[in-house]
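You are given structure tokens for the same protein chain in two forms, set apart as structure 1 and structure 2.
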Structure 1
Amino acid sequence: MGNRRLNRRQLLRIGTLGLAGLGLGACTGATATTAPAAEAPPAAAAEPVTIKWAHYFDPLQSPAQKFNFEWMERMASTFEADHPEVKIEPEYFDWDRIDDRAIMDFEAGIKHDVVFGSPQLMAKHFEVGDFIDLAPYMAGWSDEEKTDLAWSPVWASGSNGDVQIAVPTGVHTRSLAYRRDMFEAAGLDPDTPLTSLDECLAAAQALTTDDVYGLGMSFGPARGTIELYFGPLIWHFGGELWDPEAKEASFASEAGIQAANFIHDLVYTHKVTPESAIGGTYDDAILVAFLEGRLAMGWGFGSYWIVSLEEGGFVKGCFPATDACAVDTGGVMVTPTAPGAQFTNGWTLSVHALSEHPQEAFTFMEHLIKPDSLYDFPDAGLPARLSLWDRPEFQSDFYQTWLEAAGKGRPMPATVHYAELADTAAACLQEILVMEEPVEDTLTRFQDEYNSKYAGK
């Protein structure tokens, strides 16, 4: 597709420019209360210990989760083989509740050890104090090791001054996945990326048949609704979900009205997006529907699903990445909005503040973020380690498209009340789409309700 390739030096330069340069991170700790730096880490336990690992991998939930679960089991078994004094005990949490559980369990005195976390919720973790400062544990790291992970603003989400409460496992961004064979059948060029919403809508109309919807999206009552759909469309129309200066919600702006109307019309006017998108899950609405041929294009297709494209034969040699990576019946494009921006983040790892064995927990965390461990971790998305981008297997057009998408990506608002903002906007869209309430009045009502409770932080 003729995408511009970025080498490691260019990426490092972009990364040092901060969030404005790459836009990969989410909220940073700068908006929250600065936690005190921890003292020197305690010595490892003399007796055998159990490390509880809070994860979100359900092998029955989706094809992608099966591969993540297999990775998790392998990571636990290889660590236990090298550290027979430690037993890893997995603890399953729902993916969209894992941060809440970490916080609530901390307040309730329920102990965990290693916990996955969301960058967009780190401001809340800093305020509550449920994750320990990892800086003392990383004191022995070389400068090269730190740079290899710290180039990504996902790292910055877990930073607040000298305090570091989280490290990234990868970089997640999203794209527009499409069926090359369906493009050809509809008379569309699969090698010419769509560059505007008008082009995207026209293509979706041409691709929609009795059995296939042209454009898949997901508008269910979940956090992903504003992250992958409402938010990027507001950015397209020149607005923001949240005003960082006034520290209040701003999604009822003219841009928000245009975004909500566009979403409504995809379902009810143009009929290129199925009504099931309003109530279904993100995985089913995008990944499963795409794999099963019910979608010609899937907006918000995550980089953590590359493994599923490989398993389905849509791409070849792309997961694990090889220098022979090539597209087959499937491909990806940068989201065709004006800024080309999609929500970009990445799962992080932290040590719970109530851990009785923080040294062993940190040692296990180090095992999880080794280059060879992250290399075939499906949910890592794109490489968290800068050194991995030097490898020939990431120079293909397929991966360069993902890199371009990440470079144009943006974080969610850096507010302590991000979860409430996401829930409010998602509930608002539910009323607009399910009950067909008037767009402007409904947006204003929900925005006012949010700001009356949470404005200012």
Structure 2
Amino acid sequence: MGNRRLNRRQLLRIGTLGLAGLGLGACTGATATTAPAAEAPPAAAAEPVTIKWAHYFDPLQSPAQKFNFEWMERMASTFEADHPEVKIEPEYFDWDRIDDRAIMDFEAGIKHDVVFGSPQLMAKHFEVGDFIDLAPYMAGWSDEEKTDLAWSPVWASGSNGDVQIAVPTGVHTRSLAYRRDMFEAAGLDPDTPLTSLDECLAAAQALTTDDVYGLGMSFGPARGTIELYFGPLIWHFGGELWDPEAKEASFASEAGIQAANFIHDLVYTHKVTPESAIGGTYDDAILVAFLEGRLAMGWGFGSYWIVSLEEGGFVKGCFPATDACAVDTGGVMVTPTAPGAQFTNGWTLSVHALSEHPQEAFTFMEHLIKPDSLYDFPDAGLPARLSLWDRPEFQSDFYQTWLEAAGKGRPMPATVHYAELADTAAACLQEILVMEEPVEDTLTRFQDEYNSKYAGK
């Protein structure tokens, strides 16, 4: 029995730990309760209005984020200098949860002001009503101002008739990145763009060696599988992922079968695309593989990765863009799919429906999308304003290729259940690839399961 009793020293040790816990508890408890207090409307009229700015730049994630933070700080301080009555307070959300949080917090009554958002989820925002209609606030805008921003599909995602709930801050589009040196080694001309899938396949076969895959794609369990690969190929073959008239999934079409077969053959028949692309992440399959020289061509290479091309020495003087921008051992070409068979999106800005100061929030938003503000927004990918493209540093072939790619893009289907649609189609493609199931039956089975739940929505 005796050994079970704690001696004094042991008890002391436990006690100290407990006290330490209480002390910590007390101070964290205090910070936890200050959050709701900050939300309360200002008590005195003299106090400034606080505008919360929900962003997705994780302060912990990586030191490379410092460019985004420097931009944010500059935006906030320049705005506060012009509007002393307003105080900007950034709040961070995970990049892939920021739209969901805006929706859930709207339902829970938690207030936000200016919020970054994704075009793919605008249909859901329209349905829930967590973003306000910006049209009345934009009444004073000139037509020029509107068309300057409305040229990309990002703007269209935020529109429904006369209602506009989001404005673009940048353009994320994708192209076919390729290794010019590998093209030359394989006897291909790096200056002649590939213009059809057949040409692309032939080049991929010529480029594939023991160590290098000719054509990189990504079919992992992520939305990118649909947005950058399966979706655009279905569009290329004349089909649709989702039928906007009937409001139901339609990927099990002739075009869907052709797209799935094309992908299957790339991996298993021609062996120009690595099988590992089915399980990995998009970054690993495209960006990392391209930078490490394991790919001769990377399909779905994002405009947000131009910085990596520069750092990897594939292009020179292109990030930040200069008028001396030139390609070196690598370059980009417009993805050789049919016109319109390509996905373009970008981060948007909206005003949360629970904002108590929508006018101030909108004024701050206007500040953020001024040409000079957007010009050096590090995560813009490409300029959201068409007028910015006239600047000399965007006249190089490299940037003009990106502009062409962006103009060719279209948004994802405007369904409330976009997330379910994309995940269903991605899982379907994976089953076709790894389980060697009959293509048509599998597509139909997945489509029917989706439609049995979400048809008409």
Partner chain sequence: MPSSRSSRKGLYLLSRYRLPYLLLLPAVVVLVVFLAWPLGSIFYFSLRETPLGGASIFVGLDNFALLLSENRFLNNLAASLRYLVGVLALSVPLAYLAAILVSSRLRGAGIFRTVFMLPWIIAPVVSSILFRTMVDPYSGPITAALEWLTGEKFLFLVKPDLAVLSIVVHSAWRSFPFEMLLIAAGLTAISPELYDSAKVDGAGAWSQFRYVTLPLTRNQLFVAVLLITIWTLQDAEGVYSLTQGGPGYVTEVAGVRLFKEAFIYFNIGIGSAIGVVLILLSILFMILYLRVIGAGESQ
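Numbers given to residues start at 1 and step along the sequence of structure 1. For clarity, every value in this text was computed on a predicted model and none was experimentally measured. Under this definition, the rigid core comprises the largest set of C-alpha atoms superposing within 1.5 Å between the forms.
Number of the structure representing the form predicted alone: Here the form predicted alone corresponds to structure 1.
Between structure 1 and structure 2, rigid part of L228 equal to that of Y418: L228, Y418: same rigid body.
Relative rigid-part rotation, degrees, compared between structure 1 and structure 2: Expressed in whole degrees, the smaller part rotates by 22 degrees between structure 1 and structure 2.
Shift in Å of the C-alpha at G161 between structure 1 and structure 2 after core superposition: Here G161 registers a C-alpha shift of 6.3 Å.
Between structure 1 and structure 2, C-alpha offset at M104 (rigid core aligned, Å): A shift of 4.0 Å.
Core-aligned Cα shift of F79 between structure 1 and structure 2, given in Å: Comparing between structure 1 and structure 2 after core fitting, F79 shifts 9.1 Å at its C-alpha.
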